[in-house]
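Below you will find one chain, with nothing else, as structure tokens; this is the form predicted alone, and questions on how it binds or moves follow later.
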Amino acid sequence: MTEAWGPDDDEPRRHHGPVRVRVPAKINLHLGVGPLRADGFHELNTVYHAISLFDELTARAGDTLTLTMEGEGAGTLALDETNLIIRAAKALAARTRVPAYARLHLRKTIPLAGGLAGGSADAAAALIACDLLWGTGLSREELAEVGATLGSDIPFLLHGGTALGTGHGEAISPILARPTTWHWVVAVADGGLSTPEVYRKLDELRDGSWPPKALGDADELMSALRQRDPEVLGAVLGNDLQPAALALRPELADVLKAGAEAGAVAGLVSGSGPTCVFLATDATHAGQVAAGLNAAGVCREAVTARGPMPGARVI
């Protein structure tokens, strides 16, 4: 990789070759959703965890701003001004007062609208790639400020690892614990779920006669992470959006049941769904749980993953 800085430079240098950035998916080990705020967001108390499902974004110099893609969602995902990649590149250009010129190409494996923050991951990758391509020289914290104006998950996906998210998810505090690899099975659903629709459904359920119990803060979850025991962690995984996702997609209950029958330590809907994730004790156990889910035929595909992973990084 060409250095972005020269040995005697005081200013960042443009990267003349292609810049390739890999970015992980995220899951929420704890997703506590507060009431709707006046600004239209819900107050969140969440524990983010980056896992080894990746998208890759390549940025090259160009005379305009274009986006092409291959892989998951090709032919379905809009590549115009509504795409978070384009929006992120333009936001960075506006912040740094440089022309928003780049040829961007996305290799996508994170499912669309799956509760894994694939769109936010791609925006984080765009911020890293264009910052290096254009030589704008922003710190990761400054890039996170730009990202937070576009999506609540973007700051986390710039940093990765495991972190507490507050505000509407954009305020990130890394969780300090002894290094531990956690093993997961990701059950990918056919089709997606709209995040705003899931939040609206949660508000509706909470206004009903039998409101689902709210999770509250993430103290127990953070304590469990430090104990490094899958059984302890599995007992405190939780997602306030799960009842809403199940109400909108009742068949997800069959996925959660199949994961339990396949021997998972615990399972839950990931974020706003419809992806479900299951905790395993180790890599071998994860493979067994994935095989059981695939045999049950309750999801499009069940794959293994591990975490935590770094955030968006040049490769």
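So that there is no doubt, residue numbering starts at 1 and follows the sequence shown. Keep in mind that what you see is a predicted model, and the values were worked out from it rather than measured.
Just so you know, the form predicted together with a small molecule exists too; it's not on screen, but the next bit is about it.
Undergrad: Sort through 129-137, 82-90, 230-238, 97-105 and report the only stretch with a non-hydrogen atom within 4.5 Å of the small molecule in the model of the complex.
TA: Contact criterion met by 82-90 only.
Undergrad: With the cut-off set at 4.5 Å between non-hydrogen atoms, does residue 77 touch the small molecule in the model of the complex?
TA: Taking the distances in the model of the complex, the answer for residue 77 is yes, it comes within 4.5 Å of the small molecule.
Undergrad: If you check in the model of the complex, is residue 111 within 4.5 Å of the small molecule, heavy atoms only?
TA: Yes, residue 111 sits close enough to the small molecule in the model of the complex that at least one of its heavy atoms falls within 4.5 Å.
Undergrad: Give a yes/no on whether residue 185 approaches the small molecule to within 4.5 Å in the model of the complex, heavy atoms considered.
TA: Although the small molecule is absent here, residue 185 would stay clear of it in the model of the complex, with no heavy atoms inside 4.5 Å.
Undergrad: Just to confirm, residue 117 within 4.5 Å of the small molecule in the model of the complex by heavy atoms?
TA: The answer is yes: residue 117 has a heavy atom within 4.5 Å of the small molecule.
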